[in-house]
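Have a look below at one chain only, the form predicted on its own, in structure tokens format.
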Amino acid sequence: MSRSVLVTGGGSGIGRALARAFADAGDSVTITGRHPESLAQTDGGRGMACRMADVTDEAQVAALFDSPFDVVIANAGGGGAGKLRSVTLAEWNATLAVNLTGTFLTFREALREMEPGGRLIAMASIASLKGGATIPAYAAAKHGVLGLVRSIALEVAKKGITCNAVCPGFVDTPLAAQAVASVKGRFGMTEDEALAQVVADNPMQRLIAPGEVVAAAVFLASPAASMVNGHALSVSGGEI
């Protein structure tokens, strides 16, 4: 049976892979983002609904929910690197806004009309499970996302709705490419050396394929996961 699925941050990376997987499975998919060209590329003729929205804007998020969704994936996020002493208040606030407040606004609106059997899934990152010396704002925001997920899970448990988080390590997306380029430039490394440093904490010593993250989300959205609630599903090669 076709479901209605919302994926925020659907214009690239994990969001693009998620949206295409659900659409190819026959679901009715809505993707959101701030760049219409990127959303159109994600769609690629699949018939997705492309909606412009900034997840940090309360009114824009509310406008997305003119009809209820069966599956809502809060995927929009991001953040820069830098040790705490170099993080500005503006950078701190922006990182919390897109990662934590964006998830809060998305899930709050989703729950207003979500029916039993509904699924809320947050892309929380491995940074929700451990700290990072150069990502204090991002790790704080993602830890907050996981706390939000666990709290919502308790609230909705008796309604037949679940709320879970997928926690990937470094995924082979444009963001990972930027991280590799940054390490390469900062330390004068070769491409291979920089990649090896980026994936050093992953016991499998490689980037995670987007499809491996998608598989976790597809499972959490399935009837088979009806008793999985408040869970942080690590997709990290054993790093956590």
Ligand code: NAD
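When you see a residue number, it is the position in the sequence shown, counting from 1. Bear in mind the structure is a predicted one, so any value in this text is a computation, not a measurement.
Below, we refer to the form predicted in complex with this ligand, which is not included among the displayed structures.
Think of it this way: in the predicted complex, this ligand has a heavy atom of just one of 105, 161, 152, 76 within 4.5 Å, and the residue is 76. This chain lacks the partner; the member of 48, 214, 171, 199 within 4.5 angstroms of this ligand in the predicted complex by a non-hydrogen atom is 171.
Residue contact check for residue 62: none of its heavy atoms lie within 4.5 Å of this ligand in the predicted complex. Although the partner is absent from this view, residue 31 stays clear of this ligand in the predicted complex, with no non-hydrogen atom inside 4.5 angstroms. Proximity of residue 98 to this ligand in the predicted complex falls within the 4.5 Å heavy atom cutoff. Although the partner is absent here, residue 194 lies well away from this ligand in the predicted complex, with no heavy atom inside 4.5 Å. Here the chain stands alone, but in the predicted complex its contact with this ligand, taken as any heavy atom within 4.5 Å, falls in 120-128 among 85-93, 120-128, 107-115, 152-160.
For the partner-free chain shown, 9, 11, 12, 13, 14, 15 of 3-23 come within 4.5 angstroms of this ligand in the predicted complex, judged by any non-hydrogen atom.
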